[in-house]
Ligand code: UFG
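Shown below, as structure tokens, is a lone chain in the form predicted alone; questions about how it binds or moves come after it.
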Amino acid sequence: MILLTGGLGYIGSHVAVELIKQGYDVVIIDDLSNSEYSVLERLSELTDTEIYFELGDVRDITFLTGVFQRYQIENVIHLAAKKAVGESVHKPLHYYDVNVSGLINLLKVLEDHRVKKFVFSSSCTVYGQPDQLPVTESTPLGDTPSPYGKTKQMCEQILESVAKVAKHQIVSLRYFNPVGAHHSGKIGELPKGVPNNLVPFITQTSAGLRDELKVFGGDYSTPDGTAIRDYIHVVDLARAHVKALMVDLGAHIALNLGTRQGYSVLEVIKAFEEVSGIELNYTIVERRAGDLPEIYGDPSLAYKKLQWKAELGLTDMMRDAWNWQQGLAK
């Protein structure tokens, strides 16, 4: 059985679908702080499978202990965390508490149970603003400007130390920018309140839920002045987690999950407009605290170790994100 923390969230729900497709039994932990219980029903519809669910917080070690006592857990995929770069600048203590303390508590519980593999949701933010692009796993971890990025660095350092004494294998997956949605339109990104990520802000603006899209920064040293990111379809990302469970990777390894292709904010907007046929109302405003000008990664090690590579392009990402947003209005 697989324990999936944060399993009702955007990435977690897609990982759950891919796990079940491969025949795994899944138990989900989620505190619903940035997700909805209705996602569980959607997952059951998509997979035609019973999915076990436990409402709770990874910072609650008593709760975690109870989950491990109730289920025969063989592998853990840890996604539960706070993830908004801008918010982390204003709420640093909350980010350190949830992201770092949550990981430590989970690892403490694992010490008393026979778990084969621990897959950790990391981020490309651990590289800071690198001197050379694309980044590889040998790129030194940089001085990331956001508390969010620092928590991911700390978590990886903790995992590196634990891997030397742990009985289970540890895999840190360094995500670039997940976007898109499941092709069925049943699950996708559904942030509570004002979105912190670009694509849901685009789709909500196009759907008339937001007056305009704010593009944070138009004076970066990039071809069109807007920030450049490596966008990856969330389904491709989810499939990499399944691959990580199926391969012997040693005590600890970090892998980039991206496409090696960087797109600017304006390029993403243009791709969405072409897919949707809607001209987007946007305004370029001041830079957002903690954001990097440009980053994209080399995922070749993930292909070598997992036989995984991204298969879906930017057009697929925009199409599926828009399909998901339109379905929410029905």
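Note that residue numbering follows the sequence shown and begins at 1. So that the term is clear: the rigid core is the largest set of C-alpha atoms that superpose within 1.5 Å between two forms. Remember, predicted model here, so these are calculated numbers, not experimental data.
The same protein also exists as the form predicted in complex with this ligand; that form is not shown, yet it is the one meant from here on.
Proximity to this ligand in the predicted complex holds for all of Cys124, Asn196 and Val215, with the criterion being a heavy atom within 4.5 Å. Under a 4.5 angstroms non-hydrogen atom cutoff, this ligand in the predicted complex has Arg288 among its neighbouring residues.
Contact annotation for Val26: none of its heavy atoms lies within 4.5 Å of this ligand in the predicted complex. This ligand in the predicted complex comes within 4.5 Å of no heavy atom belonging to Leu43. Although the partner is absent here, Asn177 sits close enough that one of its heavy atoms falls within 4.5 Å of this ligand in the predicted complex. Looking at 250-258, 227-235, 104-112, 67-75, the stretch with residues near this ligand in the predicted complex, meaning non-hydrogen atoms within 4.5 angstroms, turns out to be 227-235.
Shown without its partner, this chain lists Lys83, His182, Arg239, Lys150 as candidates; in the predicted complex, only Lys83 has a non-hydrogen atom within 4.5 angstroms of this ligand. Checking Val39, Ala302, Val265, Ile51 against this ligand in the predicted complex, a heavy atom within 4.5 Å turns up for just one residue: Val265.
Heavy atoms closer than or equal to 4.5 Å to this ligand in the predicted complex belong, across 40-59, to no residue whatsoever. Core-superposed comparison between the shown form and the other one: the Cα of Gly218 travels 2 Å or more.
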